[in-house]
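Only one chain is included here, represented as C-alpha cells and corresponding to the form predicted alone.
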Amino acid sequence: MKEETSNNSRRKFLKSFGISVGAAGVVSSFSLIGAAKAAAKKPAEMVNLLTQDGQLVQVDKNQLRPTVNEPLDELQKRGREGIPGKSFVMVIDLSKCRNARKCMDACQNHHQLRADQHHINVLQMQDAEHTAPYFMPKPCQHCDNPPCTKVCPVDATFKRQDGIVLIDNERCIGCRFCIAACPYSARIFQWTEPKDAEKYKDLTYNIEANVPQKKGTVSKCLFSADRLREDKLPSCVSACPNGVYYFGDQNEDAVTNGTTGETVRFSKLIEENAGYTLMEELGTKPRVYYLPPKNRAFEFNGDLLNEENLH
C-alpha cells in the first residue's frame, strides 16, 4: 500500500507539469525519473523542457538522467553500419560513353524516381575551345571527406565504413543544407509526392535503397547499396551497354566492368590510364574515378552549344 501511494504521488507531481508518466521519456532526450523526489528538496538550477505535446515545463537540472535510445530496426542498423571489410570504388571510362542513358533509366526505376529526377546524370562536356566534346556520367562522388555530412543538423546523411555516403529519410528534415554544401550538385529534393507513391506506401523503408521516397526530403546516388549486400553490381553499372562503368572493392584492388564482366586490378587501371577524380583541389577525396576520353570508342553525337549556334 505504501508503494502504491508513493507511485500515485509521483503521477500527481508529473501531471502538475502538464505531462503524463508515459511521456516522461521523450522530453528533450532526457527522462524525468526521480523528478518527484525533487518536490521535497530545495529547488536547484531549473531548466525549461518542451514536452512531446508542446508544453513548456521546468525541471530541476540535477534530476535529469540520459535515456537509452530505442534500438534501430534491422534495416536502419545495417544500413548505417555498411558492409564490413569493404571499400567500394567506381571507375568511369569517358572514352566509352555514347550517351545511351541506360544507367539513368535503371537508376530511376530502382530508386523510385521520376523521369525528371536524377541520381546520376550524363553531361555534355568540352574542356576547351579546341578540344573535342565528350559525355560524362556524374553520380554522387561518395567522398571520403564529404562536406554534406558535416552540415546536416540531424545526422540524416552519413558516411559508412565501406565508403558509401547515404541518407536516412526517416531522419531528414528537408533543410537542404547538404545540397548547398555538395560541390558536385549530386543531390535532389523531393518537392512533390514521389513517383508511384501509392504503390510504395506500405513498404518498409529501406535506407540502402532510399525507398519508399518521401516528399520534403533529400535523395541521391547510393551506389545501389541494397544490391551490393546481395553481391550484385549497382543498377547503373549493370545496365550500361557500352562498358563505361567499373565497380569494385579497393581493399581487394579489384573492379569489375558491368558490361563485359571482366575483373581487373583497380590500381593498374587507374595508373595506366591516367585516372583522376573531380575537383581534387577541394580535398573531398571522391571514390569515383574517371578515365580521360582518349581514343574514344564512339563519335560524339550530342548537340553541344557553341557561339555559332547560339545566334
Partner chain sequence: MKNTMKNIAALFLIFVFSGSVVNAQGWTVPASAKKKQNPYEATSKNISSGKKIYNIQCKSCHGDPTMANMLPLAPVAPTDLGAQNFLIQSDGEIFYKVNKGQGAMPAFEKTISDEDKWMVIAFLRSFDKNKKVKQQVAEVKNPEVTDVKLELNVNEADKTMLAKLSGVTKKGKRVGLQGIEMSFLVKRSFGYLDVSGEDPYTNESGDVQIQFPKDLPGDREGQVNMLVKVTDDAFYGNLEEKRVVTLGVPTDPVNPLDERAMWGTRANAPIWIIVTFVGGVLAIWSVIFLVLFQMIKLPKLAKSKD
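Remember, predicted model here, so these are calculated numbers, not experimental data. Numbering follows the first chain given and starts at 1.
Below, we turn to the form predicted in complex with the partner chain, even though it does not appear here.
The partner chain in the model of the complex: within 4.5 Å of a heavy atom of each of Thr192, Ala197 and Tyr205?
-> Not one of the three qualifies.
With the partner left out of view, is His110 within 4.5 angstroms of the partner chain in the model of the complex by any non-hydrogen atom?
-> Close contact is absent here: in the model of the complex, His110 is far from the partner chain, nothing within 4.5 Å, heavy atoms only.
Decide whether Asn62 counts as a contact residue for the partner chain in the model of the complex under a heavy atom distance cut-off of 4.5 Å.
-> Close contact is absent here: in the model of the complex, Asn62 is far from the partner chain, nothing within 4.5 Å, heavy atoms only.
Examine Arg114 and determine whether its closest non-hydrogen atom to the partner chain in the model of the complex is within 4.5 angstroms.
-> Arg114 lies outside the contact set for the partner chain.
If you check in the model of the complex, is Lys150 within 4.5 Å of the partner chain, heavy atoms only?
-> Yes, Lys150 sits close enough to the partner chain in the model of the complex that at least one of its heavy atoms falls within 4.5 Å.
Can you pick the one in Asn145, Asn121, Gln76, Gln124 that has a heavy atom within 4.5 Å of the partner chain in the model of the complex?
-> Only one option qualifies, and that one is Asn145.
The partner chain: the contacting residue among Arg160, Lys138, Lys214, Arg187 in the model of the complex [heavy atom, 4.5 Å] = Looking at the other structure, the residue within range turns out to be Arg160.
Any idea which of 225 to 233, 125 to 133, 178 to 186, 206 to 214 reaches within 4.5 Å of the partner chain in the model of the complex, heavy atoms considered?
-> Looking at the other structure, the answer is 225 to 233.
Check each residue of 241 to 260 against the partner chain in the model of the complex and list those with a heavy atom within 4.5 Å, in sequence order.
-> Stretch hits, in order: Phe247, Gly248, Asp249, Asn251, Glu252, Asp253, Ala254, Thr256, Thr260.
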